[in-house]
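Coming up is one lone chain in structure tokens, specifically the form predicted on its own.
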Amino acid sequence: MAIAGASRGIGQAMAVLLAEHGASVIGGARAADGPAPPGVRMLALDVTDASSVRAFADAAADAGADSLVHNAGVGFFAPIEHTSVADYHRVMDTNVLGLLLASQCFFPHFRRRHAAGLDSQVVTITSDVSTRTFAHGGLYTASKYAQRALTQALAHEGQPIGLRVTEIRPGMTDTHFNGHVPGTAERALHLQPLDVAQSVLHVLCAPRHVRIDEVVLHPVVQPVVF
């Protein structure tokens, strides 16, 4: 299986957990030169660069990957008035273009697997804000709305080749996201990366006749807003 955005946080937790459950994992990240967990092969991946995504998808296809978990993303929170064109491209190119390129590059591989009688899955890690927004969150939440739309469209387009597609929408999670330092006292009650990783494992282990369209998970202390 392949994980885009696997160097730390949720992505690293997924790579470790899935490898522990017997998966052969290919992880992609901008910084892929550190030590990889057992059972995980790390490759350089820039999701905003078509050639980089193509090389990652080709390596995953050569290894027989049966699934893609798209976890790459960046955060940005500022008033719309103070959001620059450069901010727009950084967020949308990473969060939206990255998912589009990954979907395009993996789709032919999944079509070939279907022709050989094999199943495939795509899991997109978005956010609980893929259906809501808030002040200072316009650009970031717009990127998550767009990821949700791409994920749902891919689910429709993938049905003829037996591709199951799931959106996982975590709430507040204790990671390095947006410059935070994980493990601080004020984040003690947030979701942990392993919580999200376990939801991915659940989706990937679903019986082949079951399609899980989306999973929403929050820490108990976070208000659930839809």
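Quick caveat, the model's predicted, so the values are computed rather than measured. Residue positions are given as counts along the sequence shown, with the first one as 1.
The form predicted together with a small molecule is left out here; the points below concern that form.
Trainee: Could you work out which of Leu194, Met172, Ala50, Leu189 is the residue within 4.5 angstroms of the small molecule in the predicted complex, going by heavy atoms?
Mentor: Of the candidates Leu194, Met172, Ala50, Leu189, Met172 is the one lying within 4.5 Å of the small molecule in the predicted complex.
Trainee: State yes only if every one of Ala6, Gly9 and Tyr140 has a non-hydrogen atom within 4.5 Å of the small molecule in the predicted complex; otherwise state no.
Mentor: Every residue of the spot touches the small molecule in the predicted complex.
Trainee: Is there a non-hydrogen atom of Ala102 within 4.5 angstroms of a non-hydrogen atom of the small molecule in the predicted complex?
Mentor: No, no contact at 4.5 Å.
Trainee: When the contact criterion is heavy atoms within 4.5 Å, does Ala57 count as touching the small molecule in the predicted complex?
Mentor: No, Ala57 stays farther than 4.5 Å from the small molecule in the predicted complex.
Trainee: Can you work out whether Asp46 and the small molecule are in contact in the predicted complex, taking contact to mean some heavy atom pair no more than 4.5 Å apart?
Mentor: The answer is yes: Asp46 has a heavy atom within 4.5 Å of the small molecule.
Trainee: Is the gap between Gln121 and the small molecule in the predicted complex 4.5 Å or less for some heavy atom pair?
Mentor: Although the small molecule is absent here, Gln121 would stay clear of it in the predicted complex, with no heavy atoms inside 4.5 Å.
Trainee: Name the stretch, out of 151 to 159, 124 to 132, 80 to 88, 109 to 117, where some heavy atom lies within 4.5 Å of the small molecule in the predicted complex.
Mentor: Residues of 124 to 132 come within 4.5 Å of the partner.
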